[in-house]
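Let's start with one chain on its own, the form predicted on its own, as structure tokens.
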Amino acid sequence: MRAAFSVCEEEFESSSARERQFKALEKELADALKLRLQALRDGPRRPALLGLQRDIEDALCGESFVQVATPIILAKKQLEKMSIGDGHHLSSQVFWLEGDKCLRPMLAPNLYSVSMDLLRIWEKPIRIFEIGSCFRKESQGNRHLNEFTMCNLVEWGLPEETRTERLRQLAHVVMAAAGIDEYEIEETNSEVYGPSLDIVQGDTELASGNIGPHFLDANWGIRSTWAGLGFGLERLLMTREKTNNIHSVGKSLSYLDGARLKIN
């Protein structure tokens, strides 16, 4: 990519000389993409996004978290429990289906539902997580996707005085699994959760965390201490790979493992 920029800044004797140079550069870049795709075929045979998902799954299961899998179609009333009703501006970002259903814009409502039952069945502490697709009508930029992959985790039944420290520990578990050493944890304010702790690198938000009891818990009849985090896997991957284009690392028909497919 740097070579491409340097060529663009060059001065040429003639238009034909410029054309030859650009064709040579085009071939060089295409060959590099083909080599990258061949490397994927030879091994690991799994795009980095799926490899990252597996690494995080293994890390959390190693911390005694239980993985759950829930539907991507969400009832409107579940969003309303998250305070996202018809009057909330985030409602306009939701992909609504026929009736009172939508494609889930977040994992939290389903995790609340599962937790509500597990808190009746299992002894505390209870640790669960989910990794899966979420959908929002995001502004199309280099850091936003309409379909993106979230990892949400929650640990119920923590001693109240340990919640914030546990949140930091769990952030480290996931960030280490993602291969990211440099990050900061900042206090912020979430439109849904209120006061939150964000995991950031530079000006890029990688995750958001909260501790409870929380005012939303009552909508599920839950009364327990907890710590939870939500990570965007494409954001993690974009940060680790030092790319400024989130579309190249997400689910795509144009890219495979960061390499463009529209090449000659």
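So that there is no doubt, residue numbering starts at 1 and follows the sequence shown. Note that this is a predicted model, so its numbers are computed, not measured.
From this point on, the text means the form predicted together with a small molecule, which you will not see here.
Q: If contact means a heavy atom within 4.5 Å, which one of 42-50, 64-72, 224-232, 27-35 is the stretch that engages the small molecule in the model of the complex?
A: Looking at the partner contacts, the answer comes out as 224-232.
Q: Just give me the single entry in Met150, Val173, Leu111, Ile185 that has a non-hydrogen atom within 4.5 angstroms of the small molecule in the model of the complex.
A: Only one listed residue qualifies here, and that residue is Met150.
Q: Going by heavy atom distances of 4.5 angstroms or less, which of Arg166, Arg143, Lys101, Lys81 would be at the interface with the small molecule in the model of the complex?
A: Of the listed residues, the single hit is Arg143.
Q: I'd like to know if Asp117 sits close to the small molecule in the model of the complex, meaning any non-hydrogen atom pair within 4.5 angstroms.
A: No, no contact at 4.5 Å.
Q: With the cut-off set at 4.5 Å between non-hydrogen atoms, does Arg136 touch the small molecule in the model of the complex?
A: Yes, Arg136 lies within 4.5 Å of the small molecule in the model of the complex.
Q: Within a 4.5 Å heavy atom cut-off, is Ser208 in contact with the small molecule in the model of the complex?
A: Residue-level check for Ser208: yes, a contact with the small molecule.
Q: Given that the partner is absent here, does Ile246 sit within 4.5 Å of the small molecule in the model of the complex, heavy atoms only?
A: Contact check for Ile246: yes, within 4.5 Å of the small molecule in the model of the complex.
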